[in-house]
Every structure is written in structure tokens, then in C-alpha cells.
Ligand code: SAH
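This document opens with one chain alone, in C-alpha cells, the form predicted alone.
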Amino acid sequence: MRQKHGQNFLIDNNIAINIIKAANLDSKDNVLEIGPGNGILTKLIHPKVNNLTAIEIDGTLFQQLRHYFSFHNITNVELINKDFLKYDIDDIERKFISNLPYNVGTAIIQRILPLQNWTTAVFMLQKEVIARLAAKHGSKDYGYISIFTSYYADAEILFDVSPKCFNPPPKVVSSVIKLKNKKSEYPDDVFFDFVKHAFSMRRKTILNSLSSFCNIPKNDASKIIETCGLNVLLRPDKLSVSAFLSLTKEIKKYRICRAEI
């Protein structure tokens, strides 16, 4: 196990095959794999696609993979020894596939989702994190990352993966999620700032969240919320993405009006 990079190596070939199937690969696809590790997914992906870029942070694993693909004269795999979070992603349309490192998996997803040049992503992470990514408003797992994911992608949880499928086995169950790009434009900064603020005080009402975020009297905050057709006593976990977007629009209007006074 590559503990310093949070990696657990998938060893179950049936799980690997199911992950690849979920991506619906064809010979025209360009794929980017993050953290190929011992190459169990990499070796299944490359025969099915036009080009595969595999980014591996660990120098030893990178050298092992490079030796394997060079020895077998495989020419459609580009191996890069780099931290994905520091890698400059080009504009080629791609699919993403990865058994994501647990310690930076959410950060990687947050970097990928706003990009326009991806179509499908199939990721494996710990089950609790996957549940939060795909959570709907009103559920206990719903939070900032749920809204971030939902804004940019349609999410579908596919299946769970037992710790026995890894070497060494992690202490948690994993899940596989499939994301499809909605091609959403990046929203106004107020949107995600407000969502993050609201969930930082998730036990408070949206009235309290809005008032403290904008530093405005509660009477004004109440009018903004009611303009959006929402109950001031709702907590943030009860608000849909569209509700947060409506509030963001009204927040911007309020700030403009205040600036003109």
C-alpha cells in the first residue's frame, strides 16, 4: 500500500472489468486515468480506446508501468509521473477513470467537474464520500459537495466494493460512481461561497445563514428568502440546487441596490 499517497491497490479483476464497462469505452475515446498504481485498470482500458493518459505520482510505480508498456510495445498509452492536482489538463475531450486515492479524492473531483472537456467519469472512493457526492436535498448526506457535484454533473452510484478486493484491504467499503458532464458554466462566485457558508452552520435556519453571509438585517434577509418562494425556517439541507441559485440571484440584486444607495 502506498500510504503516503492514500492508495489501495485493486486486485479483483471482475471489479476492474465492471468499472471499465461503466465507462462505455470505444475506439474513438481519449481517456485519462488518475493514479494507475499497479495498472489493473490501465491494462484493460488501453485496448479499447484511441489514447490513454495515465498520471502516476509515485516514481517507482511509474517506472514499473513504463517498463511494462514499453516491453509490450504498447503505443497508445502516455504515462506521466506527476501529481494530478498539479497537472495542466489539455483541452482534448476525455473520459476519466480512476480508483481515486482516499486522501485527495474529493479534491481531484472538485478540480475535474468544472472542466468543459470531459463527458463521463467513473470513480471509486470510500462509500461514505460517494454517498455525499450523489446525495439529494433532504437526506443526511446532503451538503456542499453534493451541491457542487449536482451543479456540474448527473451522478449515479453503481455498486459497492468490498475491502477484500484490495491489497492490502482498506478499513472501509468503497463504492463506484458514474458522473456525466452537464457542461454547466461556472456560476457566480457568490453561489458556492454562500452554499459553503450555509453548510458551515447547517443546524441554523437559512434566514440566519443569509443574514450572517450578507451582513444584513434579518428583515431584509427574510424578504429575499420569501421572494424565492422559500420558508425562512428551512435549514440548508432542505434546499435544492435551484433554490440556492435563486437565492444567489437575489443576493446579487440586494448588493447592487445597497451599493447604489
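Just so it is clear, the structure is predicted and the values come from calculations on it, not from any experiment. When you see a residue number, it is the position in the sequence shown, counting from 1.
Below, we turn to the form predicted together with this ligand, even though it does not appear here.
Exactly one listed residue, out of 72, 180, 82, 183, brings a non-hydrogen atom to within 4.5 Å of this ligand in the predicted complex: 82. Contact annotation: of the candidates 224, 41, 32, 198, the single residue with a non-hydrogen atom within 4.5 angstroms of this ligand in the predicted complex is 41.
Comparing 115 to 123, 98 to 106, 138 to 146, 172 to 180 against this ligand in the predicted complex, the single stretch with non-hydrogen atoms within 4.5 angstroms of it is 98 to 106.
In the predicted complex, this ligand sits beyond 4.5 Å of every heavy atom of residue 210. Not displayed here, this ligand is kept clear of residue 236 by more than 4.5 Å at the level of heavy atoms in the predicted complex. Among heavy atoms of residue 232, none comes within 4.5 Å of this ligand in the predicted complex. Although the partner is absent here, residue 206 is not a contact residue: none of its heavy atoms lies within 4.5 angstroms of this ligand in the predicted complex. With contact defined as any non-hydrogen atom lying within 4.5 angstroms of this ligand in the predicted complex, the contacting residues in 34 to 68 are 34, 35, 36, 37, 38, 40, 41, 55, 56, 57, 58, 61, given in sequence order.
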